[in-house]
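One chain comes next, on its own, written out as structure tokens in the form predicted alone.
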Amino acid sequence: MLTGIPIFCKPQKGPASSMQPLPPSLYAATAGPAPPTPPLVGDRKADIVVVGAGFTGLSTALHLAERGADVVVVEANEPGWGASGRNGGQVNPGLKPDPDEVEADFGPDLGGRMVRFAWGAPETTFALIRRWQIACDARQGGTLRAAYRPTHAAGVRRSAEQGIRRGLPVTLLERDAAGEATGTDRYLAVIRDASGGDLQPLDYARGLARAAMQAGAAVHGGTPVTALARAEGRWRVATPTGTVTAETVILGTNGYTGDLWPSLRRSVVPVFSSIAATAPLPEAVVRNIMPMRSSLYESGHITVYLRVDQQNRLLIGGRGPQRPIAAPSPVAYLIRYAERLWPALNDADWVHGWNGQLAMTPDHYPHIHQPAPGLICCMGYNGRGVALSTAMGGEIARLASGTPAEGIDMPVTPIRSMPFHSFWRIGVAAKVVQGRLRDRLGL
């Protein structure tokens, strides 16, 4: 019998009381059926335990299972329950910092690999979808980064120059061309990256879960982890209904990270991102809204993002209340903004509003940690999680399979807690107000 001192132990609850239903959203209303992922029952051994069945955990499990590892995924609710099944559905390329900054921060070798990895993440994602035939309305129609202030337009032009210099599939669209691409005259400059696109994220999460299971991984929903302990060279992962012992544990809980490992929760800021969606729009209305059918996000201090899905619904997202919402009324300001961009939306029927918690990092880079032997943590995609977390699954699988940290395409760093983290809600609210003011003033 494995013995050891638990690193952390929460009060145990039965699976019926701890399992939370899938929050309402457009995706929950339209997704195909979820695969069966029954709770873990009893005690078992595995090579690797993955905690969290979002994109990070599921992609990692899939890549590990394809390598022949015995993998068990445990998820407190159901696959895609968190932001993986509630995000904007945009498959965006790159990192928040521009390529030149990435290479300046990490040097030409690692920095160059990071650029190639992150800007190639959408193609990695779409290739995985094609290979596993995941039905999730995937569309590689490009990503638009749009600026409506002169200072931000200058930044978009710099980004375009850096991408073109590296041979990335980017095009700079100045004002007239930007208007043709978006259907609005608001934007001064737009960079289009042809590698990006969009998808139905809950369907994608469920498809990843199916793929991981087809590859040989076990995926257990309704299975919260209550304790983590290490003894005799192995980890023991405890849940209300069973345990798994394994050589390696991977934590992929992102914006819903708790206190399972000391300081991890305090190394990222969970930020609610909210989305409103219309009912399917008449063709006469929608034909001039984002006519290229690329997804779009604005270049500003407070990001607004938009796309038209394959059923002609407009989705608009951005920072909203730092609490769960389940209707469009709490984000009426997003609806008003959409109507400002496209007055034809004045009579649109806005039928869905929801949000979820993504994870932000102070340096705006994803964070990979190895805080103890056989323990890997990965989180903090800063709003670019669909493509980045999918691609990161392959890197985590390599790391867990014995590739040295310096051999993967993202840095492995120590966990750094943020001071005053308990006041994150106040800090986020203040940052949103400050960002909106700066965007309004053009700073």
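From a predicted model like this one, the values you see are computed outputs, not experimental measurements. Throughout, we count residues from 1 along the sequence that is shown.
Here the subject shifts to the form predicted in complex with a small molecule, a form of this protein not shown in this document.
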Candidate stretches 129-137, 336-344, 252-260, 284-292 - the one whose heavy atoms come within 4.5 Å of the small molecule in the predicted bound form: 252-260
The small molecule contact at residue 76 in the predicted bound form, heavy atom, 4.5 Å: yes
Distance check, residue 37 to the small molecule in the predicted bound form, heavy atom within 4.5 Å: no
Non-hydrogen atom contact residue 61 with the small molecule in the predicted bound form at 4.5 angstroms: no
Partner contact for residue 121 in the predicted bound form: the small molecule, 4.5 angstroms, heavy atom: no
Among the candidates 303, 241, 184, 357, the residue which, in the predicted bound form, approaches the small molecule to within 4.5 Å (heavy atoms): 357
Interface residue in the predicted bound form among 191, 217, 275, 268, criterion: non-hydrogen atom within 4.5 angstroms of the small molecule: 275
